Ligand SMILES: O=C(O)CCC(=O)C(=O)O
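Have a look below at one chain only, the form predicted on its own, in structure tokens format.
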Amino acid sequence: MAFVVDIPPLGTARPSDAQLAAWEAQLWEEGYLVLPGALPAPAVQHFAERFKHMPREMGYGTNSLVRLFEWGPDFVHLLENEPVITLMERILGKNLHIIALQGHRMFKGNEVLRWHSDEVYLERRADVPDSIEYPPIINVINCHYYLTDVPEELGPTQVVPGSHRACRQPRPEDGDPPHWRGKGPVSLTVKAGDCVMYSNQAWHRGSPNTTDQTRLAVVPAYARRFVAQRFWPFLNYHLSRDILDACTPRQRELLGEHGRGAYG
């Protein structure tokens, strides 16, 4: 698809090494992080307006718009927004890519209310007690750029701190809501332009939206090079050469066009 759209002003200031180290430490320790004001106000307005003109769904369900890079270069440019991209490179490596680029539109009745981990990379056996320390694994980081303020009543994302170390899905015995090593969930209430990020192995969910408003977010998921991309409908999807040819070399790599490596 060919689109002529404006590229909104994005963040360009690289964070200091000390700031990066502090953010990285929280992600490794707690499994989540909130970056206030990560998206400039004009960009928030731009993407919120763009969402107004998109279909109700793209064959995947009413709460996720998929493959936003097909809808214009503005979504591709967002992948390089600072300070997020530098933090992602620090944790996941310079040769990272995205495995998904979604738009979330969560309204009353279509929230994802089930507590879950998106993936478990090192599975804790049922006979291994939770007191046994497993290494924190971060292979994928979901980044939610919110386009609206998200107070408690709008159904913020909730995360159980440290649960990326559980290396398993939540179980009934973890409680409702689940707790990991004595810690219960935190509600990540934010302002428009804030970015919520978390390891996709952490236990999380969207809490109930009790309003008539819709929670809006652009959600790139950054991953290490070896993680397979999840561009729905997955195996049968082919990213258009027209999209790639309109990108810079770095943007093409972020979309998954890597140089030669192991396995071809």
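In case it trips you up, residue 1 is the first one in the sequence shown, and so on. Just so it is clear, the model here is predicted, and its values are computed rather than measured.
There is also a form predicted in complex with the named molecule; it is not shown, and the following applies to it.
| task | Consider the chain as shown here, without its partner, and state which of 186, 112, 137, 120 has a heavy atom within 4.5 Å of the named molecule in the model of the complex. | result | Looking at the other structure, the residue within range turns out to be 112.
| said: Whether residue 144 contacts the named molecule in the model of the complex should be assessed with a 4.5 Å heavy atom distance threshold; does it? | reply: Residue 144: contacts the named molecule in the model of the complex.
| said: Would you classify residue 191 as touching the named molecule in the model of the complex, given a 4.5 Å non-hydrogen atom cut-off? | reply: Answer no; every heavy atom of residue 191 is more than 4.5 Å from the named molecule in the model of the complex.
| query | Heavy atom to heavy atom, is residue 106 within 4.5 Å of the named molecule in the model of the complex? | reply | The answer is yes: residue 106 has a heavy atom within 4.5 Å of the named molecule.
| message | Can you work out whether residue 163 and the named molecule are in contact in the model of the complex, taking contact to mean some heavy atom pair no more than 4.5 Å apart? | response | Residue 163: no, not in contact with the named molecule in the model of the complex.
| in the model of the complex, which of 197-205, 66-74, 48-56, 33-41 comes within 4.5 Å of the named molecule (heavy atoms)? | The contacting stretch here is 197-205.
| said: Could you pull out the residues of 214-230 that have any heavy atom within 4.5 Å of the named molecule in the model of the complex? | reply: Sequence-ordered list has one entry, 215.
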